[in-house]
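This document starts with one chain, in the form predicted on its own, laid out as structure tokens.
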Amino acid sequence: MTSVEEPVRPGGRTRDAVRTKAEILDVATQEFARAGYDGARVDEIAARTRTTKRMIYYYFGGKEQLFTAVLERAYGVIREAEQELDVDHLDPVAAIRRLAELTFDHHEQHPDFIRLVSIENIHGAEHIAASEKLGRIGSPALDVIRRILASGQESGLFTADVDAVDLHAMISSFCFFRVANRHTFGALFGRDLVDPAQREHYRTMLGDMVIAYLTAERAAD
């Protein structure tokens, strides 16, 4: 496989390899999201890229490893956005709203991510469980949520004793449902959850729900 030997000049073949792998991942993301893991074909992915099936196997090892790489990159996008989120200058209420908006915006902008996660759940998260990279990546959002919750409780703004993972699930579930169930929800209830005209309504509603939960008075046991 002389076409993928180690580079003999700076920037040449290394850059080509990086570009080729990125192109393969772009097309593979679309194909897995469209057809699912079982329905996706490496032949189809190769046909839509400037490479061959042989080269896809060279770079990734096989279909299973390619799907894992697709998942790793997809999760990496949201994790990077979470790491870059700066809410330390905001009060706890504004900070948690901003975090919810980040998830809302990401899921809306990356419908393929929603499909990939749904597909991986069908397969029992076996690819994620086997991925060392995803095992290390964690969720920076949880650290942010913990800091916001601690600040809100210390200031008396948040009355609920909430677990960060539970709150993360609450935010994610609304954002995920809105994209994943768009078509079935629309067919049953005649409402498009991703209608641009309703975007700010749902974005605000998410923040309002989270804040209402965190600031609600709790009945005595």
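This structure is a prediction, so every number in the text was calculated from the model and none was measured. Quick note: we count residues from 1 along the sequence shown, nothing fancier.
Beyond the structure shown, there is the form predicted together with a further copy of the same chain, which is absent from this document and is the topic of what follows.
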Indicate whether residue 154 is a 4.5 Å heavy atom neighbour of a further copy of the same chain in the predicted bound form. no
I'd like to check something about residue 182: if you look in the predicted bound form, is any of its heavy atoms closer than or equal to 4.5 Å to a heavy atom of a further copy of the same chain? yes
Taking a further copy of the same chain as it sits in the predicted bound form, is residue 98 in contact with it (heavy atom to heavy atom, 4.5 Å or less)? no
Just checking whether residue 170 would be counted as a contact of a further copy of the same chain in the predicted bound form - the rule being heavy atoms within 4.5 angstroms. yes
Please state whether all three residues 118, 209 and 217 have a non-hydrogen atom within 4.5 angstroms of a further copy of the same chain in the predicted bound form. yes
Any residue of 22-41 with a heavy atom within 4.5 Å of a further copy of the same chain in the predicted bound form counts; write them all down in order. 34, 35, 36, 38, 39
